[in-house]
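Only one chain is included here, represented as structure tokens and corresponding to the form predicted alone.
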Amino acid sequence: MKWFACELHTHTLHSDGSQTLGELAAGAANLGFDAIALTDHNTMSGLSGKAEIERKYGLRIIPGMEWTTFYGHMVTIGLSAFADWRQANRDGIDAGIENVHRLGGIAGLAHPFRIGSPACTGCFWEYEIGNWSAVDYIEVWSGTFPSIQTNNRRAFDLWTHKLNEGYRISATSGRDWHAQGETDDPISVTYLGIEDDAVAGNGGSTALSLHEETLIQALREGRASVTIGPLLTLTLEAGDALYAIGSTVPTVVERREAAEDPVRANLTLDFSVRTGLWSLQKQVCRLKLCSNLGEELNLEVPSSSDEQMMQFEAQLRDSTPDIPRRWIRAELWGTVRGVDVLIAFTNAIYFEEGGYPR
């Protein structure tokens, strides 16, 4: 699996940003991103010149749009055509999401708990979602230094609550990037995992060798890991089978193998990503495995200053038929600017029993 650094929420002069698409792409390339999604408010006109700018800066630009209404903001990416947002009623967002899917795109809740009107019209999510299975992702981190913000903690809790209910929804970060400018705040990155053969099959190893649909499919399937520091990844191993982030462990595997060949978790912290573009003070961090069963693992691990890769293994405890394990994810906690925060987290690996297949 190869991991591509993505920024999935950006704006240009075509809505309320103060940057051209070229300026945005140049800034993203300087920050080590492989791909960005342009999500201007209620328009896709900012994509003019996309192909030339992609070639100039060597990063992929995914087409998107942010539906901006009185009842919430919804980010959409990967659309083949303009999706009309103007008739999105408070109890009718399901039809809007269905329309996005019909045009080949995916849809996510943008900053669902940011302060709303009058400070930010419609920023607070008030839509009544009837079909949570149709929601592709939730932007659980928004802005810079996102893990310190209360509204993001609420979004993260919402995502966890929906996972506990059995829904399979991806989680992302989005800077909601409107302008170029220096910042000392930690910047979050959503890494999307691409199968090795998919990269090779497109003729190269750079972001431009990937079709944008490949990145969108990775997010659709939940092959994502979010961080303000090192890249955190997780796989589960059962017998000869390996299950990556976003995949599903069959019930028969967990039950049959539990006694003789338990499920093992492999966690990796890669401190070499985006070298020189972030820093983490020397400290002892905490690496966790969390699921609907609670906190299943808590390891003390050192932070690295020499760009190395660290690997850890753990054995999952057996779940019970009464309370089946539905999902599991990895989290890295530590101190950033004097505050104990979540530094990185993976998307979930699911377990067949108890889930809502999509």
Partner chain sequence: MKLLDLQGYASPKDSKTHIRIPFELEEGCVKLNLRLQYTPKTLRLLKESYDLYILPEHREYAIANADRHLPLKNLITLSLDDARGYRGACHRQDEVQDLYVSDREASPGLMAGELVPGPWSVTLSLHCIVTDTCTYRLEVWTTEEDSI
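Residue numbers count along the first chain shown, from 1. Nothing here was measured: the structure is a model prediction, and the numbers come from that model.
There is another form of this protein, the form predicted together with the partner chain, and it is not shown here; the text below is about that form.
- Candidate site formed by 43, 115 and 126: every one of these residues places a non-hydrogen atom within 4.5 angstroms of the partner chain in the model of the complex.
- Of the candidates 271, 85, 278, 145, 85 is the one whose heavy atoms come within 4.5 Å of the partner chain in the model of the complex; the others do not.
- Note on contacts: among 167, 156, 71, 243, the single residue with a heavy atom within 4.5 Å of the partner chain in the model of the complex is 71.
- Stretch-level contact check against the partner chain in the model of the complex with heavy atoms at 4.5 Å: of 278 to 286, 217 to 225, 179 to 187, 117 to 125, the positive one is 117 to 125.
- In the model of the complex, the partner chain sits within 4.5 Å of a heavy atom of residue 16.
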